[in-house]
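Subsequent text provides structure tokens for two forms of one protein chain, presented individually as structure 1 and structure 2.
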Structure 1
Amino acid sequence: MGRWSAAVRQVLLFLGALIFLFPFWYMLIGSLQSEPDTSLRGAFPVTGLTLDNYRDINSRVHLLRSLVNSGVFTGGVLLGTVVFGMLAGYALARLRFRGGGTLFALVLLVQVIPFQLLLIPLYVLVVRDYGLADTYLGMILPFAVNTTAVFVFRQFFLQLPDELFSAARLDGAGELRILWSVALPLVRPAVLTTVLLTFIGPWNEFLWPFLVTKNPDLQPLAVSLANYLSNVSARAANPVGAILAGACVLAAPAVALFVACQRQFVSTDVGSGVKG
């Protein structure tokens, strides 16, 4: 009976995976078709596959430049998120100061405030007061601090044994030294988790870069593709294929990152750092 239940479970998981992956497969095949075929049979073509849709969209958008812009924007956001999240998470978890609980509650409260509500004051502050329109820094600045990252790092730091920090302080290490030499090697899963949770947001972000960048040479891929879909795609030889080709280009780095890092979602035995 146990073997039958295991077999049924495996079959159900396999069918669920097929259902989940089918839209991605359909998107990829549609981007390679010379003529659109929206029927179910079009998802399994025998002939007629071509890269013309990618060539067409690249000739109008310059995919490589847009990918570089997205990489700079996303990389800057990830760097700020990890650095500030780690520092704030360590302070909230390991430093004892008056108002720490209230401050953490405010950090959690920020998560319920939609970004669109802050859009106008942020635009006035970044563009008019700081003069950062059409700059990478202007795109990155509003996303450099992520309260979710602060929460993740705080929870990981709280799981570390107190003996590690007490021993380091007895040896005369300062807080930054403890953070770098003791805590950071043990919370690498938190760094990876933060990167994976944060990556998809700035990579797909459209509204803020669209507002602060008017120079096409600085616009990330999401904005360039949106402009292409609005203004140019209807005149393409295969509009549906061109749209799907753009979607594939936008999704490919995110999919590759998650596939490459899926094995890293493992727990770390932080207790092994304590002897005795």
Structure 2
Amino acid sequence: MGRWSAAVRQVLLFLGALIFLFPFWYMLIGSLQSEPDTSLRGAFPVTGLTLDNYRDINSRVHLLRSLVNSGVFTGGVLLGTVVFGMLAGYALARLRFRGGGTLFALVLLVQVIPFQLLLIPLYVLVVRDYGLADTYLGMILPFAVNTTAVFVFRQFFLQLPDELFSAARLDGAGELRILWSVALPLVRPAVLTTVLLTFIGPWNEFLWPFLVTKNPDLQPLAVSLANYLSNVSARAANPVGAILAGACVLAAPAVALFVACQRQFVSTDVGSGVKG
């Protein structure tokens, strides 16, 4: 064994990886073909590739506007997640204040409440009581604070050496001053982890923005593409090609970010994010 089993392992992993990647290849190829070709040879074409499907989906969904909506939704969620998560994480890790212990216990409890239970009441509150249907705020609100991020930041601030903080306190710095000039300059790795962990959430989220946005001008791309997929695709010249072109546009930013940052996307981060 030894060398042989290592080689077999390598080959099997490669085959597995190719099977895993095949749907992505097929998505890309299908989006560039003028006619859907379901033969095996159709999966590896050499000629006849065209961008018509992208023009077609763009004339029906308005890709740019949908992408901007996805961007605003994701950006809003990330901003809230980082800012509020950092403040709460710092307070829970470094400060003693009334209610801190209770709050941390609540944080653990909240992770047990699943989103589907909150679906109906949140819809009633956000759409009917607060009147936030078809607004960015309504989309962002449920995700604006993220408990995983609070955990990541709390963990990060706990790991910083105590001397850093006691020295600043001896120098007479107030707590806000310590947060601003001692803790924040060091926090960049935790911000990156949080952004990477939370980016795909809102970018890929479908159910909630689907419920709160009925106006196509405000729908993120995942929602407008899903509506196209389930309602109007029959009218396109090459519906499959148009859907796959839209799918490529939706997938590209998340895939690009992930491939660019995959070094940071290591096991420990996700482990700490999930287990708290």
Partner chain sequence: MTTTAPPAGPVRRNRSETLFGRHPVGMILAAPYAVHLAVVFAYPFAFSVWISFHDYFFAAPGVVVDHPFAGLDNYRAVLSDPAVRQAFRNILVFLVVNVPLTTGLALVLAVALDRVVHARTFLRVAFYLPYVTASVAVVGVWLFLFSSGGLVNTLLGPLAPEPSWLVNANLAMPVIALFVTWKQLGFFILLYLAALQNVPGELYESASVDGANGWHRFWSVTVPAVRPATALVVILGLITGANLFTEPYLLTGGGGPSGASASPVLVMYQRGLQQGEPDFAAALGVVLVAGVLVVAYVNRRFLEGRD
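Just so we're on the same page, residue numbers count up from 1 along structure 1's sequence. Take the two forms, superpose them, and find the largest set of C-alpha atoms that agree within 1.5 Å; that set is the rigid core. This structure is a prediction, so every number in the text was calculated from the model and none was measured.
Shown first, as structure 1, is the form predicted on its own. Once both forms are fitted on their core, a CA shift of 2 Å or more is seen for G42 between structure 1 and structure 2. If you fit the rigid core between structure 1 and structure 2, you'll see the Cα of Y54 move by less than 2 angstroms. After superposition on the rigid core, the Cα atom of A173 is displaced by 2 Å or more between structure 1 and structure 2. In the rigid-core superposition between structure 1 and structure 2, residue position V8 carries a C-alpha shift of 8.7 Å. Note on I19: its Cα is shifted 5.1 Å between structure 1 and structure 2, core used for superposition.
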